[in-house]
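A single chain, nothing else alongside it, follows as structure tokens in the form predicted alone.
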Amino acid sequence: MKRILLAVMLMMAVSALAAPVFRTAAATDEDPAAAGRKAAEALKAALGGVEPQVVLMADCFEDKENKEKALAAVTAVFGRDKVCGGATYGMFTQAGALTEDAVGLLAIAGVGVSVAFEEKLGAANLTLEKDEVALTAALRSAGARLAKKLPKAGKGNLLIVISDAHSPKNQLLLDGIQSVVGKKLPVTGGSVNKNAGQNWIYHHGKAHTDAAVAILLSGDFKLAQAGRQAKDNDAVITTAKEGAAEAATKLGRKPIAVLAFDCAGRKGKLKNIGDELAAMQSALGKDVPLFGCYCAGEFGPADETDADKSMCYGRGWHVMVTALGAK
């Protein structure tokens, strides 16, 4: 009897450890090291002793020096090998939206995680207007190389891609990724700030340009996605609520977390930066862990008449919402 009881307790402990965990934190401070430290410490407290497999970081500081200070502060808490992400135009969590001098973090635990990094996409200084053939070949090749670095790349539940390839270049990168993983694997993520000197990808404690990082999640969880496009204040707010509501409804249960990769163009159309977040939370509730950031191109379902709704695309002017839930 004791052996049976011990075995049952062990199975329960393993099950508890394997439960998906998603936690968020964010902080703002004119001192980038202080912002990074505050966000990391808040995230560690929110995890309550759970060790994350990966920490996704977004920041909106100016200049590489400040970004590296914020990155160093986060990696000092979680380790260089666990932190990846990129420079954005702002971020939001369930606690609010921040658009300058800020760090946002998402911790993921209790799921399978594989991380791949491609340092040289070959897209720097190339434009679609002047270099379409070379740019297309470079990004498709880089996307394929990135995906091939992921073990069992097509077998995961969700692929998160953070890239230095703004819209519409992000579609070319995704074409390469999908040539390896297939077109049915759910993909989300976004492209980092495209402004000169701000387009940094973070991996292993360093900042890189002309690069991309991919995070493959697998495990005992479900997800549902929705994408919405808009280009004026009222439509941005309305579509944010619609996208969040659709993803949550399709999930069929209360989400344990929501990811929202949003367009900086949409952000620029808002009269009040908090209105889009409020619209999402009107559909999701304010207690659901929410990680969002403003990007220069997003990955997810395209809000277009001729788009295949079972596929993901690289687009601009979208908010791409992914709701995650326990099975």
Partner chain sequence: MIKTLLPALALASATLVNAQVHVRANNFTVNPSTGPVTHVTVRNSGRQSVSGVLRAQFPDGWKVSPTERSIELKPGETKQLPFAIEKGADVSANSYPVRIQFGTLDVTQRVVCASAPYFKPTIDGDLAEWKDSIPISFAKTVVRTYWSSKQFSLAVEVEEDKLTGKRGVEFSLAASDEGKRYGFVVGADGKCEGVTAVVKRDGNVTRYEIGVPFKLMPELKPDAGREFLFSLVVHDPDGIGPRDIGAVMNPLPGQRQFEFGFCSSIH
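Residue numbers count along the first chain shown, from 1. None of these values were measured; they are calculated from a predicted model.
Keep in mind the form predicted together with the partner chain is missing from the figure; the text below concerns it.
Looking in the predicted bound form, is the partner chain within 4.5 angstroms of a heavy atom from every one of P20, Q53 and K149? No, none of P20, Q53 and K149 comes within 4.5 Å of the partner chain in the predicted bound form.
Answer range among 61-69, 254-262, 283-291, 34-42 for contact with the partner chain, defined in the predicted bound form as heavy atoms within 4.5 Å: The contacting stretch here is 61-69.
4.5 Å heavy atom contact, K241 and the partner chain in the predicted bound form: No, K241 sits far enough from the partner chain in the predicted bound form that none of its heavy atoms falls within 4.5 Å.
Close approach of K231 to the partner chain in the predicted bound form, 4.5 Å, heavy atom: Taking the distances in the predicted bound form, the answer for K231 is yes, it comes within 4.5 Å of the partner chain.
So in the predicted bound form, does any heavy atom of L47 sit within 4.5 Å of the partner chain? Taking the distances in the predicted bound form, the answer for L47 is no, it never comes within 4.5 Å of the partner chain.
Indicate whether A279 is a 4.5 Å heavy atom neighbour of the partner chain in the predicted bound form. Output for A279 is no: heavy atoms all beyond 4.5 Å of the partner chain.
Exactly one residue in H208, H166, R80, R145 has a non-hydrogen atom within 4.5 Å of the partner chain in the predicted bound form; which is it? Partner contact (heavy atom, 4.5 Å) among the options: H166.
Considering T249, S218, N195, S179, which brings a non-hydrogen atom within 4.5 Å of the partner chain in the predicted bound form? Contact with the partner chain in the predicted bound form is made by N195 alone.
Note that the partner chain is not shown here; using its position in the predicted bound form, name the residues of 250-278 with a heavy atom within 4.5 Å of it, in sequence order. The stretch touches the partner through A264, K267, G268, K269, L270, I273.
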